[in-house]
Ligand SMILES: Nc1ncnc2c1ncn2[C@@H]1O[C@H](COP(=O)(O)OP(=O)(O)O)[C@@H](O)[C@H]1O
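First comes one chain, alone, set out as structure tokens in the form predicted alone.
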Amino acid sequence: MGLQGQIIPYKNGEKEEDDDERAGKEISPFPPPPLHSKFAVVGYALTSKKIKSFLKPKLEGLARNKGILFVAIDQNRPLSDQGPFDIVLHKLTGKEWRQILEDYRRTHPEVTVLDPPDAIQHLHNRQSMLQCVADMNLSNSYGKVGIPKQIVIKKDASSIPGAVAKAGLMLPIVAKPLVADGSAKSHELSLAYDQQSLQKLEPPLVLQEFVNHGGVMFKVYIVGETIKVVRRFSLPDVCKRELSNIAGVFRFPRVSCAAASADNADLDPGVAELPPRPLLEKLARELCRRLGLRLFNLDIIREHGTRDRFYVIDINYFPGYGKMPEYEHIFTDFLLSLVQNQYKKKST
């Protein structure tokens, strides 16, 4: 298996052509055309940060050439008065917005909402986030996928050492905020090396047993029926000798980002080898079904010293696709497939 990140379609498909060849002249300075049946209209409700990182000119230009028009949703007007939309793409939080979308889904069943707000909410809690992976207990001839041993501490930091000992978690311990809402704070994590330091952590938290993984994680981006895998540098392994010499809590604002790409690094093949394609296909397909989501990514690690023991350590809804190579083609093809499926349903 090659060591470069790869696109893995669930169905047979051809490799995308080079971005420059297909999209080099596709950015259009013209104003948006009128909303009519020629275009598939995607209404979007995104944060300003997500608009900047995702709705880049290259994506909008490529989408326009493929017959897709992105239109901003005005949050100060009733959603039903806007459009008409073929697809609603969103990443906003709050009970009021969730209720607006749920009402819209009931009154406009012909519109595809990406994704159902109740299903997204499931990923905002790290306790429930990984439960479906644990319930799957996925294992086949290509490997086994699970989650690290973990517990949840909702309050009272003084109870953490006893809870960790009772659950049988081994040091060091990874501490993550219980709420995963996409904010900078929700991406922070801490590594506690000794029992005494556990009391310095700040609940509510998910505490995970740290698994040595060669300092590399695999980010598995899922867009409908296509997945793309890239490598990112992660926390380094911890040996027993280090445990006896290190104490305290070490905080990390964000472990993995595009700048920490490990795709072209000179890595041990045993660390760099991507998870087997059939295993990822099965995992992604099953998670799409169980979660009811089509836009998310998985952070996966391989236990160091093994070839086939993998752990899902995080799941993120509508991640930073702008950091994913070739995301413009992958995403626009996905949107077109949704619209085509809508037309097929209408014609039957």
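What you see is a predicted model; the values in this text were computed from it and never measured. Numbers for residues come from their place in the sequence shown, where the first is 1.
Another form exists, predicted in complex with the ligand; not displayed. Remarks below refer to it.
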| item | value |
| --- | --- |
| Steric status of site, the ligand superimposed as seen in the predicted complex, threshold 2.4 angstroms to backbone or C-beta | open |
| Proximity to the ligand in the predicted complex, single hit among 194, 225, 263, 209 (heavy atom within 4.5 Å) | 209 |
| Contact assignment for the ligand in the predicted complex, among 217, 229, 88, 100, heavy atom within 4.5 Å | 217 |
| Contact stretch among 312-320, 38-46, 61-69, 284-292 - heavy atom within 4.5 Å of the ligand in the predicted complex | 312-320 |
| Three-residue site 277, 302 and 308 fully in contact with the ligand in the predicted complex at 4.5 Å by heavy atom | no |
| Residue contact check: residue 153 to the ligand in the predicted complex, 4.5 Å heavy atom | no |
| Residue 112: touches the ligand in the predicted complex, heavy atom cutoff 4.5 angstroms | no |
| The ligand contact at residue 144 in the predicted complex, heavy atom, 4.5 Å | no |
| 4.5 angstroms heavy atom contact with the ligand in the predicted complex for residue 83 | no |
| Within 4.5 Å of the ligand in the predicted complex: residues from 218-241 (heavy atom criterion) | 234, 235 |
